[in-house]
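Taking the form predicted on its own, here's one chain by itself in structure tokens.
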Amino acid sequence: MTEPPRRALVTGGSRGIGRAVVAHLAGDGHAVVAAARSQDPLDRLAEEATARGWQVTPSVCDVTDEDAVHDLVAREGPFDIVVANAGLARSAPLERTSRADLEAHLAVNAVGVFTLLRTTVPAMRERGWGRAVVIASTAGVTGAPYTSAYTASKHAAVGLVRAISSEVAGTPVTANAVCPTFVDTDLTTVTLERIAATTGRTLDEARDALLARVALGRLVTPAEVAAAVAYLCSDLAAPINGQTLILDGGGSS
């Protein structure tokens, strides 16, 4: 790689988008701490990292636990790159969405992101370089039926990025959001199963109905999201701050 190796933290780093981000950053030569709530998938990631010669440190951490986040950063930091990827996604009509549902989404997708960036971004400013990237969603910039709790939390995450970016403007630190449409992950599979169960459709029919709402005509791949993240974490992306990079094939245009 042509850029100096950095130290990176990726939450929700053991599967899906997070795992792809870990792989991309580690493959670029960065030392990556992959955080997730469960040990087993982290162990599998560590085995793959060892086999590929990546510098990946697995760490169990729940982003809704403020003390755990602080302990992780104190133990493994400081970090030059922070990717807030840990997320929660459930869908239901508004009348079947409870306050507890909303609070659960906000706890992970908004408060968890706030805690992580509040704990890491000030140190980036002190050291004179940093990249904060939040994995949001097209739900952070537009609305969709049956996603009131999820959409509210992702709008909050995007708003947080915009506020933080205004504070670090003019410094070598940036904060941006990546907003993909549906991504080919286990989380989307669960969504498809829920659609099938509630509508009586087959999984294939549910998938077709989902893709009918996606201008791209297919699911975004985790590797495509990871590539966008890696770019925003690079020196070349220094002028990009406070932006929402939408990956949806033009559906939000």
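Fair warning: this is a prediction, and the values are worked out from it, not measured in the lab. The first residue of the shown sequence is 1; numbering continues from there.
This protein has a second form, the form predicted together with a small molecule, left out of what is shown; the following refers to that one.
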Between the options 160, 183, 73, 106, which residue brings a heavy atom to within 4.5 Å of the small molecule in the predicted bound form? 183
Taking heavy atoms and a 4.5 Å cut-off, does residue 135 contact the small molecule in the predicted bound form? yes
Partner contact for residue 221 in the predicted bound form: the small molecule, 4.5 angstroms, heavy atom: no
The small molecule contact in the predicted bound form: residue 62, any heavy atom under 4.5 Å: yes
Distance check, residue 86 to the small molecule in the predicted bound form, heavy atom within 4.5 Å: yes
Would you mind picking out the stretch of 136 to 144, 119 to 127, 75 to 83, 167 to 175 that comes within 4.5 angstroms of the small molecule in the predicted bound form, counting non-hydrogen atoms? 136 to 144
